[in-house]
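As a starting point, one isolated chain is supplied in structure tokens, in the form predicted on its own.
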């Protein structure tokens, strides 16, 4: 991996985000809710590195603290969609027949609906909050996990040692846990790593629409939405979270591609 410059760049970008999440109170010179009305819409300066918003809140501090929301919500969404997708994919691929047809029908139906529309409907039913956004994004994003996992399981279940386990009388649950899931670990890691940028973008989009973390929480989507009306007078309000989103998503994408190259022998050939 040290010979892969794109992975190294992605790792550095990823590390910067992780450091911002962990050390936000030490990095940010102000609290993300502190209001200084005398300094409202102040441009970037020594006291406010990325300027202030209409309430005099430090944009730099809000973006730094907002990284915690973006990463936590994105991580929860990826965990939920991984559990749903892998579970359904294993069941579908291992048992086949009518179970496979039913799960594939549900998967195709979910995939056919525009994700943002279905996620919006789910969040509107559950209520606006960061965790509800994570649930909404996960419920519409598990299909790719199911499809890929099913294909891998269908290939694995016909291997000789799986047939031998069946002959010796091992239960289906034992075969799945002892032999099939360990062979899926690398695939699951790659899928989860590549799904993280999409989850962050989706959750930020929901925040932009006002359905994510509510004010005064420093959600990147909220900050972007706040800055739209001041885009000519104070463009830094929208530019700062926009650049943070690009930085984070690009970093995760580069790391994901590097992990894929490491764990998939066919890519390294």
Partner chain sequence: MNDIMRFIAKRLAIGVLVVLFVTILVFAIMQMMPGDTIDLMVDTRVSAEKVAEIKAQWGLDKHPVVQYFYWLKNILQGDFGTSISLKQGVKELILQRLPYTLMLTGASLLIEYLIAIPLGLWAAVKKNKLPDKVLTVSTIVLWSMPPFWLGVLFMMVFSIWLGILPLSGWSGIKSLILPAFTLALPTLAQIFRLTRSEVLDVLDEKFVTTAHAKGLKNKVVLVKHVLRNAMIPVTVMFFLSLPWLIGGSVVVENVFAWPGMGQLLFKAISKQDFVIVQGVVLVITVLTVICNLIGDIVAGVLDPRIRLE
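What you are looking at is a predicted structure, and each value in this text was computed from that prediction instead of being measured. Residue numbers count along the first chain shown, from 1.
Form predicted in complex with the partner chain: not shown, discussed below.
J.: In the predicted bound form, is there a heavy atom of the partner chain that lies within 4.5 Å of any heavy atom of residue 224, even though the partner is absent here?
T.: Residue-level check for residue 224: yes, a contact with the partner chain.
J.: With a cut-off of 4.5 Å between heavy atoms, is residue 204 one of the residues that contacts the partner chain in the predicted bound form?
T.: Output for residue 204 is yes: heavy atoms within 4.5 Å of the partner chain.
J.: Residue-level question: is residue 250 within 4.5 Å of the partner chain in the predicted bound form, judged on heavy atoms?
T.: It does: once the partner chain is placed as it appears in the predicted bound form, residue 250 has a heavy atom within 4.5 Å of it.
J.: Contact between residue 8 and the partner chain in the predicted bound form at 4.5 Å, heavy atoms?
T.: So residue 8 does not count as contacting the partner chain.
J.: Select, from the options 149 to 157, 181 to 189, 98 to 106, 84 to 92, the stretch whose residues sit within 4.5 angstroms of the partner chain in the predicted bound form by heavy atom distance.
T.: In short, 98 to 106.
J.: Thinking of 112, 117 and 121 as one candidate spot, does the partner chain come within 4.5 Å of a heavy atom in every one of them in the predicted bound form?
T.: The answer is yes: all three residues contact the partner (heavy atom, 4.5 Å cut-off).
J.: Of the options 216, 29, 56, 235, which one has a non-hydrogen atom that comes within 4.5 Å of the partner chain in the predicted bound form?
T.: Checking each option against the partner chain in the predicted bound form, the one that comes within 4.5 Å is 235.
J.: If you look in the predicted bound form, which residues in 82 to 104 sit within 4.5 Å of the partner chain (heavy atoms)?
T.: The stretch does not touch the partner at all.
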